[in-house]
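As a starting point, one isolated chain is supplied in structure tokens, in the form predicted on its own.
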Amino acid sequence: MADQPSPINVNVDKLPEVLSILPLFDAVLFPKMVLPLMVMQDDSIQLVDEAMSGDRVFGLVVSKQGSKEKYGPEDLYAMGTSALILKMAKPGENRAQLLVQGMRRFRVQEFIEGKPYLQARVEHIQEADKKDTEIEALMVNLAGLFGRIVELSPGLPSEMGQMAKSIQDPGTLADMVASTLNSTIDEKQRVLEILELKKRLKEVLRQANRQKEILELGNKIQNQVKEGMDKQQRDYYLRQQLKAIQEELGEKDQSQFEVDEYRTKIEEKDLPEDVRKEAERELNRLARMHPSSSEYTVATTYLDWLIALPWHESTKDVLDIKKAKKVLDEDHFGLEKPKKRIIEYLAVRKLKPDSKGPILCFVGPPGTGKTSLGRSIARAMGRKFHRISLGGVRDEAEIRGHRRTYVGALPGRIIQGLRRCESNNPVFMLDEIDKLGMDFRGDPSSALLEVLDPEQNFTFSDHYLDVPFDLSRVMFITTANILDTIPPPLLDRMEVIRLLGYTEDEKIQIAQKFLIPRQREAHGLSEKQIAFTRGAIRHIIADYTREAGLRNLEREIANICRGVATRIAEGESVAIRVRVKDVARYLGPQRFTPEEAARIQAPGVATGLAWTQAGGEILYVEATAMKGKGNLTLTGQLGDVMKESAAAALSFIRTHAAELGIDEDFYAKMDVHIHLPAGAIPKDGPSAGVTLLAALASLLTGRKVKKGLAMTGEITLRGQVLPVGGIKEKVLAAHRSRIHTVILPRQNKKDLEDIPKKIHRQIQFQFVDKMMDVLKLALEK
């Protein structure tokens, strides 16, 4: 093995910005330190050869995951050291021995592809050289401590201690001691990454102190073993050594220290009396256990939960009513009823601070702001916010927790949320409560009864804690799309607030105030770069979305923002104003046409109003007749209730055939077929009764149903029109579809109170309680 020639001179201040990177896994090189290396991989040997033919400088970076055959950028730390090859020898074809010296720290900016080995563009770090009194004191302590380590370490030459005292540069002293200590690779890498001198010296001092204690302890153990050792009994020597190690580790003392620490925490926490007794009982059990016992960990985890819970900690409510109104208005447009209820709650809290929290249930179609409203409520009240998604939850233990007898037992989501909030009066959002499941693992909805009942939840008992926790100060808010799937006992404990869909004008306001600014920011656009005309927004709402909420509208706005961002990035334009005629360029052809334009203007077609989980919808009923023997055919995936409504409508027409001007024997000569389009969607419910009646009467009398008219209501054989549900959602759907006349049951008149005044002005409402009145209003003369 022949030594290489003397190394070339390298200016430390002019190191190259692009370095070849050699990964290390068992050592860390510090600046000004010398390190021997053995290189065996082909790509690494190529790196060394190219470095030797150049300026002999390359970078050394430590691997995060130990030794690997192939390293990627994600496997390496970002901080490394540039190195100069002092000597290089090749004892074989695929081996190279190096002696390298550290130059300067660097931080990897980016990795560069193109070579079989790693290359990176780096930022070389200039070491600070200023010293003050504290740094000098740290240097004296570190040099003295290192001298003691050298004395205790037979493998280190005694001159190293004197050399450390002679180093004047604080950074060099810290690096030299860190490279000599018998610490882990991670600890050395941590020192390499600390750029502030004081912090680096303190970290090295900590590691050196630990090294000194280990060496002193090793010497002490060695001396104790030697005193009782019989040279002829090797087994006895090993047992004595093991015994001495265990005594010095102080296993009993350590466990006693942990017990004392828990006892102190319990006294400081000021736990409720019954909780304190349970904690002390568990602590007494812990004191009798060996640390290696499996029950030891179970007991410590239980005590950690008891101590961490906010038994008395709470946030102070913001009871400024005007400020709360301002916060709610900033976050949401409209939604006056939920906002009014929150302001009422705050007013009551102001007058009676110990009042119990309400259990609100926001019900409405998707995208109407139920979940985000809960976050705004927490902000308005100055409380912590925690959301729990209940969709698909089937296990009762998700609410009440597992008993400690199970492996890996934990408290339920309620207690976990309280620990995360570190407050006993947060706002809890129980999202999608209508989608709770139930199977052999229990019924979570029944477990929620205790959580949501103000008469019970002040002593809520989690199976894991097995001690009561007061939930009466928590404000619970639940959300649901429908109420039908919520068990009645659970629904009885909640105050239901309905969030209806938005009108077109409300959607325009929300888009201008909230959706467009949010999407501008999300796509890196400014107000100057993209603007929407009011007509363009209305065009998107009316012709590209058909929903009660706002999710699809925001998606379409995002689509346009992406298209504008692409044009700006390509340099096509710097400021774009989206007008009505521009919408199709970004969103494609119009998706929805006005329903009235799509109607076939012929007898036998009527427009109805239906309620769905996503809000109100327009429903068409088509009827036709052919020669036959009086058969009634129903298609369009109709449920039993709707089929019975069709039969009732036909029976009523047969009974009043003469009054309607229809041949009384018509039923014996023809078959009637009723179809509801969108045949793939199941339909049911009694509210289409009047629509079925109007379609049949239109077919048999030959009189068309009036244009722009829709209807809803249940019918009876006696000719009555009965009230139905979902009136508000149905009216909003009629408004979206440009319907100008709506026929409703008279008893549903009270349900129009919450309909916006503008809709009242644009839609004429006709109230009926007789089926003949429906036909007089619906059919053309």
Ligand code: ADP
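Treat the numbers as computed from the prediction; the structure is a model and nothing was measured. In case it trips you up, residue 1 is the first one in the sequence shown, and so on.
Keep in mind that the form predicted together with the named molecule is not shown, yet the notes after this line are about it.
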Among 386, 493, 332, 190, which has at least one heavy atom within 4.5 Å of the named molecule in the model of the complex?
-> 332
In the model of the complex, the one of 317, 554, 450, 434 near the named molecule [non-hydrogen atom within 4.5 angstroms] | 554
Interface stretch in the model of the complex with the named molecule - options 465-473, 361-369, 346-354, 686-694, non-hydrogen atom within 4.5 Å | 361-369
Looking at the partner-bound form in the model of the complex, is residue 262 within 4.5 Å of the named molecule by any heavy atom?
-> no
Answer for residue 518 alone: is it within 4.5 Å of the named molecule in the model of the complex, judged on heavy atom distances?
-> yes
Are any of the heavy atoms in residue 77 no more than 4.5 Å from a heavy atom of the named molecule in the model of the complex?
-> no
Does the named molecule come within 4.5 Å of any heavy atom of residue 510 in the model of the complex?
-> yes
Non-hydrogen atom within 4.5 angstroms of the named molecule in the model of the complex for each of 502, 514 and 550 | yes
